[in-house]
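Before any questions on binding or motion, here is one chain by itself as structure tokens, the form predicted on its own.
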């Protein structure tokens, strides 16, 4: 019987939510949370251990977390390693990628995870890990676990592996020569594609070229002492009533708030509605996210010419790239109208 090990975070490890995100690495014999479903769907293999680690602990203490988990695995007999699914949770996706890459490098076993396309872990680790195209929330748990297990079964049983799209994982930038059953020569295939393109018909290229959304670096501000500076944040700082009803995660809304007559943001007047971090510090002092107090000091000292009258706020956790780009385009129009010279972008 082949053996597998699963890595999960504190939430799916049934330790707790955000308040337990600093949970230190732990290995448990047997099945915890998603490991039960994974074990059901593996064919000829069993999950022997579950590793649990808080997302914040992995993110803030990566070297220590990885080192401790590597020690857990020393002497363990396992043939394959799984992590997640991480859905659209960025810190979880990063943690899954980090530990899978480390396990692959040290123990030379296949490593498999699953993430939503908007999870930053996809671009960070797709070349190192089999990352399956997953859903954006835990409602897809059984389906995403199923995809991971099915591919794990193929690897463990030595079955023929298909290309990334056919298997369901994100392409890893690796190309292999494949002999088609049709034996149709490349010359004919390429002419067929060209004809379809000329006729406006759909076709699929055999050599996809990744498209990168690159942003040119803006020129340096020549004289900060005369510059109009604005603040934009994804840290979710809003007036107490959250008048724009910005979502605490997967945001599609943003707000614009006048702080021109203030020297600092006072607790009780402003708060964070961000669901991706412990809000205690930000609610006690909103200036740790939107540093109005420090910028007012800079303004009085002449280090910046002027602080723009408004700050702009939304929430980053779970927010898709498409929605983020759309909100940015809308905010930029206000910044251009106000002749803003530079933007300080703050997060959590």
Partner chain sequence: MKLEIGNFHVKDIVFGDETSYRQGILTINKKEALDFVLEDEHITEAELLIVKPGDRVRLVPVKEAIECRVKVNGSTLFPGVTGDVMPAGDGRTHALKDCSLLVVGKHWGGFQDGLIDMSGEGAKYTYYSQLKNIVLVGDTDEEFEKNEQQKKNHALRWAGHKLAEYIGSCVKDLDPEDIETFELDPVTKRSEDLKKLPSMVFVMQPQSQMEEMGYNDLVYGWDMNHMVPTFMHPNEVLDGAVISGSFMPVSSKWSTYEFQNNPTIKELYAAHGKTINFLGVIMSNLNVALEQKNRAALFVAQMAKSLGADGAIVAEEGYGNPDADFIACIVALEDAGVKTVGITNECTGRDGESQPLVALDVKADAIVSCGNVSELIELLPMETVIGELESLGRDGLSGGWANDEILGPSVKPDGSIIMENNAMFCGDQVCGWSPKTMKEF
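Everything numeric in this text was worked out from a predicted model, so none of it was measured. Residue numbers count along the first chain shown, from 1.
Omitted from view is the form predicted in complex with the partner chain, to which the following refers.
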Open item on the list: Only one of 117-125, 262-270, 176-184, 232-240 has heavy atoms within 4.5 Å of the partner chain in the predicted bound form; I'd like to know which.
Closed with: 176-184
Task: Option touching the partner chain, based on a heavy atom within 4.5 Å in the predicted bound form, out of 156, 149, 164, 275 - done: 164
- [ ] Select from the listed residues 224, 138, 109, 190 the one whose heavy atoms reach within 4.5 Å of the partner chain in the predicted bound form.
- [x] 190
Task: Contact test in the predicted bound form: residue 220 vs the partner chain, heavy atoms, 4.5 Å - done: no
TODO: Consider residue 214 of the chain shown here, and say whether it contacts the partner chain in the predicted bound form, taking contact as heavy atoms within 4.5 Å.
DONE: no
Open item on the list: With the partner left out here, check for me: in the predicted bound form, does some heavy atom of residue 172 sit within 4.5 Å of the partner chain?
Closed with: yes
Open item on the list: With a cut-off of 4.5 Å between heavy atoms, is residue 197 one of the residues that contacts the partner chain in the predicted bound form?
Closed with: yes
